[in-house]
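Quick heads-up: the structure tokens below are two forms of one chain, split into structure 1 and structure 2.
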Structure 1
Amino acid sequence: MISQFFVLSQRGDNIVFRDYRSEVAKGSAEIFFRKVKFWKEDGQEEAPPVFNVDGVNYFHVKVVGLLFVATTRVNVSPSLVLELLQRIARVIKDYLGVLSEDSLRKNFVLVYELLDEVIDFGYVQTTSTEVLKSYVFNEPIVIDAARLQPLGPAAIFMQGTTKRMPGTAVTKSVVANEPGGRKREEIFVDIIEKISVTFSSSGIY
């Protein structure tokens, strides 16, 4: 059972905020942001995806630098909520083409429409892009993918996989059909290889 869902920007601004059960006090987004920003517990510098402040459980996942957060007071399954947050991000991306602070701000009414159908009174209804289509009426305002700044050559050394330049195939909704109702039977596979190497400062490992 989820009490609230919200999306925060890197600076902690509410981009989207939906309260489903009004069990959690309104200031939760700020409590959450402050806690994540200045996380100091158990000698760690990074907040874990789930933590509890005064009986409220905060779940968050980071997607393209945005914080997707859910709160609840109930002892729920953490993997369910974390999976759900990822899935919501994916659904929103399916509808908006590009997931970014800008596109969310421009399309927040559409996002609210989606959120209304994805969760009702804290219970998950559906996260299928296909099913949601019949419930959503707002037209997305498309942000041009080409306007995104290309990343510098140092980008490949940056931590995390979140700052990759989206190719056009990626930003297109997977489920969207070709115009004219013709279905192409194609599968796109991204192969990403990760290698962990430790170098000493002298270049020997």
Structure 2
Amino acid sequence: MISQFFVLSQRGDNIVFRDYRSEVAKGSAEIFFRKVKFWKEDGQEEAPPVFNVDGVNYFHVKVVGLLFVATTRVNVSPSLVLELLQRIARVIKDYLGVLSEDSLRKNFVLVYELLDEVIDFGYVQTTSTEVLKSYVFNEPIVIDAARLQPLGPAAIFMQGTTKRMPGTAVTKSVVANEPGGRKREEIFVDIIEKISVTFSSSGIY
């Protein structure tokens, strides 16, 4: 269903990229960003959530300044793919606590592990955070939400104004251990058994 999934920053930097089916060219992220940035079709100033370029369907949603994008060459339900992108963003936010370019870069191993569990060969497996807890064991590197810079050019007009601290429940990872708090009491052990057997020509051992 989905050929590629990637996340771009506001500058067009490729933060996360996963190619599931090798059906679309590797330069699709650059093609997408150039098309979105200089969109002038149908009298619109902003690109629609779904469009086609050279036989490739591009689906995208914008979440906190990040572009979550999926590509495919087949005809799929646009609402299904757009909902999937929103759910992937929500799952990543649940695990990282804060969804930002900085948190994605510092937790890229965890993000790729999540993507491999959510989508397999382009087909959706699950988007439930509770289900993923049974398969994803990496701990996130928690980013302090108070250090995040406001997004967009309007941030320069906010200097000197009173800042409100976000609630901890909003920016808290669902899997991260709190400093000094109770940790998950789990142990993972790999057991390897070796058996040596000698058979005679008659089959007796």
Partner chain sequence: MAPPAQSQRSQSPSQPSGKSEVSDLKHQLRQLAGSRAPGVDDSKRELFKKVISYMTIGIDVSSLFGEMVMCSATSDIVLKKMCYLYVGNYAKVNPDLALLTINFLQRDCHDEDPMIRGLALRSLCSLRVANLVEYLVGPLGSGLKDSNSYVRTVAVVGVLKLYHISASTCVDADFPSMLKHLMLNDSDTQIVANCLSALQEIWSAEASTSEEAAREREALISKPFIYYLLNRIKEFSEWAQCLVLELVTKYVPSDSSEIFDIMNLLEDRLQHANGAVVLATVKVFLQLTLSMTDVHQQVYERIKAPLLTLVSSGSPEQSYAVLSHLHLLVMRAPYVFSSDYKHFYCQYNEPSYVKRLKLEMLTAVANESNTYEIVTELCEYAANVDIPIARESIRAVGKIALQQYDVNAIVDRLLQFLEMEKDYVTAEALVLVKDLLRKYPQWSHDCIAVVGNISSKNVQEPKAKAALIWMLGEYSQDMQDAPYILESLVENWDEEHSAEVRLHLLTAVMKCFFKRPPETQSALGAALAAGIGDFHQDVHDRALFYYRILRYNVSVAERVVNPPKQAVSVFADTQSSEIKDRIFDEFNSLSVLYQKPSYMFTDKEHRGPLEFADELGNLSIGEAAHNVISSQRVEENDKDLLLTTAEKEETRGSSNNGSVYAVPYDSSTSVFASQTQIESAISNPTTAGHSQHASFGIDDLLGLGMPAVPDVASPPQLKLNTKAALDPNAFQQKWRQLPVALSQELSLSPQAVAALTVPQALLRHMQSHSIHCIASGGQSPNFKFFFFAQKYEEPSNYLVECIINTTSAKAQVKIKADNQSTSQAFSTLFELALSKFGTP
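From a predicted model like this one, the values you see are computed outputs, not experimental measurements. If you superpose the two forms and keep the largest set of C-alpha atoms that fall within 1.5 Å, you have the rigid core. Every residue number counts along structure 1's sequence, beginning with 1.
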| item | value |
| --- | --- |
| Structure, 1 versus 2, that is the form predicted together with the partner chain | 1 |
| Rigid-core frame, C-alpha of residue 11, shift of 2 angstroms or more between the two structures | no |
| Displacement in Å of the C-alpha of residue 197 between the two structures, rigid core kept as reference | 83.5 |
